[in-house]
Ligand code: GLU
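Presented as structure tokens, the chain that follows is alone, the form predicted on its own.
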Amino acid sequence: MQLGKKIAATVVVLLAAAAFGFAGGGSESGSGVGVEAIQKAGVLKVGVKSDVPRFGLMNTATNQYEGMEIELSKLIAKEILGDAGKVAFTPVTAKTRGPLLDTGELDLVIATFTITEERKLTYNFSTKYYTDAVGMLVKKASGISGLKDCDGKTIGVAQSATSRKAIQEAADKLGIKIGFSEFATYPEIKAALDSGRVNVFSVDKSILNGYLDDTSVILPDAFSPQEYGVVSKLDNKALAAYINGLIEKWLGDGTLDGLIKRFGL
């Protein structure tokens, strides 16, 4: 009788484990429902930047995307679909990347998307794959050597980016008054800087490096560390867990360091 009870209990445990695995929550591969959906579609849809040199840039000469985040997307496509070429890129901005993920038009966003506690309430973020800090680009002839010189000045920032908050908090500590102009794209901010419509172009320093020219300089000031993560829809826990496993693996084996060095970040 006792043996029968043990056998019955074992059967229940096995059935529960099988059901859990079928739901995608405990497979050893970590594929889950989210990955299976991508495999069924035969393509990984990723939102990337098209105007950030070395991260995500549309090369108009080749009509191809290039950069560290582009290569990271291809690595993920190879893991999921067995082919790095089975990835469809959609250009996004700081303002559009979230909504495109929400509507299901994208599986992932890999677009200098900074991890914040507030954003974690809306999206799944992987472990950080890159860390930067907010900086400032100014014209060499501006006379601005740091944020302390920006009292009464106008700062150009991207819509829905974290730069504005970081600069405002630093300005408040210095007791200076600054204004902001928001733009949809980084080239627009650079054009505004060149034309004198803004005094400072502010975004993460690695992004500013792509807009540095003979007439401008990146100031030494650095504000609010910016950690970038791969982003997925909040309710797609299986896909998020799988992606996080890949990022952790590539952080450990040097793959991500190799990409960072390759693109001079």
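All figures in this text were calculated on a predicted structure; none of them were measured in a lab. Sequential numbering from 1, following the sequence displayed.
Another form, the form predicted in complex with the ligand, is not on view; read the next lines as being about it.
Residue heavy atoms within 4.5 Å of the ligand in the predicted bound form occur in exactly one stretch of 75-83, 139-147, 89-97, 174-182, and that stretch is 89-97. The contact residue chosen from Leu193, Ala161, Ile167, Leu106 relative to the ligand in the predicted bound form is Ala161, the criterion being a non-hydrogen atom within 4.5 angstroms. Proximity to the ligand in the predicted bound form, defined as a heavy atom within 4.5 Å, singles out one entry of Leu239, Val231, Ile70, Ile207, which is Ile207. Highlighted residues Ile110, Lys249 and Leu259: none comes within 4.5 Å of the ligand in the predicted bound form, counting any heavy atom. The ligand is not shown here, but in the predicted bound form it comes within 4.5 Å of a heavy atom of Arg119. In the predicted bound form, the ligand lies within 4.5 Å of some heavy atom of Val203. Of the heavy atoms in Gln226, some are within 4.5 Å of the ligand in the predicted bound form. Scanning 46-64 for heavy atoms within 4.5 Å of the ligand in the predicted bound form gives just one residue, Lys49.
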